[in-house]
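Heads up, the chain below is alone and in the form predicted alone; it's given as structure tokens.
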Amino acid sequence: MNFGFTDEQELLRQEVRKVLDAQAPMAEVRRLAETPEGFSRELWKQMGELGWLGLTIPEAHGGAGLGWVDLVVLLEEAGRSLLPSPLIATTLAAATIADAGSALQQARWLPRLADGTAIGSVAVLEAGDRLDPAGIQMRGAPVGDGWQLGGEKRAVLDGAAADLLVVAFRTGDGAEDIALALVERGAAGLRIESTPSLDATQRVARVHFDAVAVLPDAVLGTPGRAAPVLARLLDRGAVAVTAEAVGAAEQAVRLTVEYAKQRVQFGSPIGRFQGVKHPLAEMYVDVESFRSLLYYAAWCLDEGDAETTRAVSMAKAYASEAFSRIGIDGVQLHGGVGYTWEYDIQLYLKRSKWVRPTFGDADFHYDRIARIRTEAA
């Protein structure tokens, strides 16, 4: 059995790397992080033309119809560059519509999400920290054949740029009484507020719903039965964030290794000292470890394997902890200059802090692994 990437996947990696090196070098990433919108519309359009945005969207709707292992290749390279874009948010919205949307909903939105003419996001997280159906507290009040939403969603990825939100809300008191709805930008009663983020390359927003009407044709699937779809959405989000973390962590290690080769102290490059070599070796082992867990989790997603939830949590838990350590150690091994704006390593430390809680921190995923083991016993 071949556990490596195919020639086509490696070619995809090379092409993505070539485009990002040309269109999103670190100087451009830094510039975009200072802009109000936070990403390049021109590059976004190019990403759509290259097929990146529709990588996992079915071919019938303008996508490439590939899997999450293929998407991991793209996201690793995006993470390596700290690419500011709504790529993860749009991909998650599209995957959820492909999962549970009607033929009309898919025909209306998937081609636009695939070519970049529409930006999507998912609005799930609320004031609590639970990433499961029980954490959804925003209610949908029945109004005629539809619903009316009131409440607030937090940490919505690229919410300020989104043309379409996939919103999770509660239809009853039961643990599984969850529905998903499509809410368009500009809907009456919808207010989107950008919120500060430690990592300026990742934009988040708070979304307020004040009696926002949801018509029947905007509901994904059957109201009150969307808990399994929500679970898949959260697993996909964790895999996507971990994939970017692999590329970002690998680049943080590379930057630190290069600095250790060039920085001379006591007449020798500091990379020759055990106090530097050993942490670098541990950083490398950590990256390779959660990279392997990620690849297995992405494969499970593609195959619908029974191990998917456990595999996803193992990958995200390890990445959340290890990437944070790598970011801190990378800055420390740079010495005092590692904290300065001129050095790129501090940007990767900030990305590690953003990755840690997004779609569940290590504690959340370790608890989920423990519950899975308990239930299986």
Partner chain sequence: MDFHLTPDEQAFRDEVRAFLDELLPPGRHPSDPEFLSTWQRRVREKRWVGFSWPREVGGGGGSIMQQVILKEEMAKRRAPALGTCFMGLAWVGPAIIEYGTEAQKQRFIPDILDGKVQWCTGYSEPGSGSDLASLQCRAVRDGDHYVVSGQKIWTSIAMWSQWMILLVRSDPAAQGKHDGITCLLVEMDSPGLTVRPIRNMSGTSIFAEVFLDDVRVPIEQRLGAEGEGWKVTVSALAHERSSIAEVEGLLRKLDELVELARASTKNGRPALDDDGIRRRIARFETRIAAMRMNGMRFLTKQLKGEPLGADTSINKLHRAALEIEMGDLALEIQGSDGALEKEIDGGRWQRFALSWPEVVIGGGTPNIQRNIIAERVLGLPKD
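In this text the structure is predicted, and so the values were computed from the model without any measurement. Residue numbers count along the first chain shown, from 1.
A second form of this protein, the form predicted together with the partner chain, is not displayed here; the remarks below concern that form.
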item: Heavy atom distance at most 4.5 Å to the partner chain in the predicted bound form, all of G48, R80 and W147; value: no
item: Location of the partner chain contact in the predicted bound form, chosen stretch of 132-140, 216-224, 282-290, 95-103 [non-hydrogen atom, 4.5 Å]; value: 282-290
item: Contacting member of H61, H334, R310, K350, with respect to the partner chain in the predicted bound form [4.5 Å, heavy atom]; value: R310
item: Position in contact with the partner chain when the complex is considered in the predicted bound form, options V257, V229, V212, L125, heavy atoms within 4.5 Å; value: V257
item: Non-hydrogen atom contact Q274 with the partner chain in the predicted bound form at 4.5 angstroms; value: yes
item: Touches the partner chain in the predicted bound form: E15 (any heavy atom, 4.5 Å); value: no
item: Interface membership of D367, the partner chain in the predicted bound form, 4.5 Å heavy atom rule; value: yes
item: Non-hydrogen atom contact G189 with the partner chain in the predicted bound form at 4.5 angstroms; value: no
item: Any residue of 123-139 that, in the predicted bound form, places a heavy atom within 4.5 Å of the partner chain; value: none
